[in-house]
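Presented as structure tokens, the chain that follows is alone, the form predicted on its own.
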């Protein structure tokens, strides 16, 4: 059975304020879902109801088909969570902190020892296993927090803006860890207000604003909504690429619909066609020896859809 997460009419009100408004969302399978929205959209409120940290005003949350509100222990047994930014006692080592988490979860001592070694490797903190946490940077502490969410080897992992407050290096490290988690046949549900983060690590995006779900779709389908079925690809070159070169060697390639220049060394192509067409374009560009450095899905499509949808909700 594939891991799954579902919200049915999930609603939370605080007095007259509605933080989450009848959220209906169902995700299933081994992938990463970006729960995207501006600050205050209701993302953390939703995650807290998925983990039974707060009760819904109405509606229900399910993990692997089990109601969190009706069968809390059974539902959360398959789930690892990192909500907001928990603190670790500075006098503990990562190994000691994870032993404490494992004991609280009711894991067997031998299982705790085995999984502690595995998860510290997974978050690239094995060399620091017996150092005091008080000496760690914020990014290192966050990696230990992620390790604690993985300790029970969960099928479903809920991460609440895991890179918030980190410096660029720390953010990159956390994103790299999340990308690695996708290889473990887990369902990862990650809230974020950072577009680039969702594009870098997620397979699907669910956009929330003012407590309401605006859409849930794959990143590729979001792009198609904007481009009418075409695909946008960003190209980066080692040096400047002249207009004559673009006209003579890039524009004529089969499948290229349009070209937008970002700057002297970067272009965005709109391509009509699937992976085979894109692969052919990449091969021809490499053969042309233009100094191509990267060929990746465009970041602009999701950004444009994001801004359009958010502006609709704000109007």
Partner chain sequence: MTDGTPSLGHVPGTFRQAVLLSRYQFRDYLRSRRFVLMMAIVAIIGAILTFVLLYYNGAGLTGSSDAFYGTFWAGGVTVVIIFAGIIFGGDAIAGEFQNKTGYFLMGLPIRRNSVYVGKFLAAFTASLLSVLFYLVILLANGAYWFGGAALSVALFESFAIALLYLLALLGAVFLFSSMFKNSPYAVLVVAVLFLFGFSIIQALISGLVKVEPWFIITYAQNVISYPFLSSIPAHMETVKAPGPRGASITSYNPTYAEGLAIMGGYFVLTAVAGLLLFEREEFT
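Residue numbers count along the first chain shown, from 1. In this text the structure is predicted, and so the values were computed from the model without any measurement. Between two forms, the rigid core is the largest collection of C-alphas that superpose within 1.5 Å.
This protein has a second form, the form predicted in complex with its partner chain, left out of what is shown; the following refers to that one.
Remark: residue 195 does not count among the residues lining its partner chain in the predicted complex, judged by a heavy atom distance of 4.5 Å or less.
Although the partner is absent here, residue 204 is not a contact residue: none of its heavy atoms lies within 4.5 angstroms of its partner chain in the predicted complex. At a distance threshold of 4.5 angstroms between non-hydrogen atoms, residue 52 is in contact with its partner chain in the predicted complex.
Its partner chain in the predicted complex comes within 4.5 Å of a heavy atom belonging to residue 122. Of the listed positions (117, 221, 85, 137), a single one reaches within 4.5 angstroms of its partner chain by any non-hydrogen atom in the predicted complex, namely 85. This chain is drawn without its partner chain; in the predicted complex, the residue among 168, 239, 165, 106 with a heavy atom within 4.5 Å of it is 106. Contact annotation for the candidate site: 48, 152 and 186 all lie close to its partner chain in the predicted complex (heavy atom within 4.5 Å).
Residues with any non-hydrogen atom within 4.5 angstroms of its partner chain in the predicted complex fall in just one of 210-218, 240-248, 91-99, 196-204: 91-99.
The rigid-core alignment places the CA of residue 118 2 Å or more apart between the shown form and the other one. With the core held fixed, residue 216 shows a CA shift below 2 Å between the shown form and the other one. Superposition on the rigid core between the shown form and the other one places the CA atom of residue 183 less than 2 Å from its counterpart.
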